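One chain comes next, on its own, written as structure tokens: the form predicted on its own.
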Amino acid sequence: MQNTASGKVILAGEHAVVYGVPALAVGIDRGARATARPLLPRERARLAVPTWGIEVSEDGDEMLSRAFRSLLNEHRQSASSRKESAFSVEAFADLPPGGGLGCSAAVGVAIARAVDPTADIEGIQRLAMAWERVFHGNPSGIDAACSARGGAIWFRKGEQPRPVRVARELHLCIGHSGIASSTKSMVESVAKQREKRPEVVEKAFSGIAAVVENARLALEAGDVVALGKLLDMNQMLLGGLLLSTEEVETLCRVARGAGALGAKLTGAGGGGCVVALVSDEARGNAVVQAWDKAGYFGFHTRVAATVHSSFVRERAAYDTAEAER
């Protein structure tokens, strides 16, 4: 049985989320999948990721080995851990690494589900965060939360993710700048700016917080025109934090020229991917074709509208969890 996980797109709130500002993210239909086979107690766990052409054991020194070992150790300490603690895991990623689409979190969530299929969502997130900290140092947790849950979430660091209703199906185009981005280095870059120019960075964070709240309202109202304008506003604020690049700006400009309602970098910045919001599939195809003509790879994806009954159940579960805290 394959265990799957979603990739993610941050619609608003990158970087500010590390400092307690909310962020709005959605799960997309590309992500990762993994299978696990228990090993004998004396055998060492191993992980193969054919997508990346890598195979490691848990006692290796490579970063992937350390992340795998951290996830397994978290699993071994969990209440849902069974007798099996060593596994042969095979994982596949359908997302570009370093693209701002939550590739590492999706792989981590898929592996977590493979080694501990009985774990609840919070347990899966805990295992995935052990994995993520090896790669990213001080991740906000939004990637793991969105990958494990799917749908749309309002996220604040240290709090339970809150489901957000998607009133109207979203059509998104994802374009890759061709440059991998390091979340860790970009987070460190913003931290240094915050030390040197605290008033400037805090002003940008305040603007981002307002964008996030208005984007949530637009998403719940199905107002894609307003949501597109908010994406553009968020991109301007991120550019002011020196997170954009010439390639990212070109992708945004080309997308808008092809009819996108708005476009911005998604994820860490400094390269990676751009997300463009479009009105429908035909316009999405036009944006992807325009990117291709400009020399960039892109694809169209959807975020399904929330079925009302399932949303009510999800919100009720959230409210119950909050009340128990």
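Residue numbers run from 1 along the displayed sequence. Values in this document were obtained by computation on a predicted structure and should not be read as measured data.
Absent from the display: the form predicted together with (R)-mevalonate. The rest refers to it.
- For the residues Ile174, Val115, Ile142, Leu231, the 4.5 Å heavy atom test against (R)-mevalonate in the predicted complex is passed only by Ile142.
- Residue contact with (R)-mevalonate in the predicted complex: Leu24 places no heavy atom within 4.5 Å of it.
- Among heavy atoms of Leu11, none comes within 4.5 Å of (R)-mevalonate in the predicted complex.
- Taking non-hydrogen atoms only, Gln235 never approaches (R)-mevalonate to within 4.5 angstroms in the predicted complex.
- Looking at Gly284, you'd find every heavy atom of it more than 4.5 angstroms from (R)-mevalonate in the predicted complex.
- At a distance of at most 4.5 angstroms from (R)-mevalonate in the predicted complex, all three residues His15, Thr183 and Val187 contribute at least one non-hydrogen atom.
- Annotated contact segment (heavy atom within 4.5 Å of (R)-mevalonate in the predicted complex): 260-268, selected among 41-49, 260-268, 294-302, 63-71.
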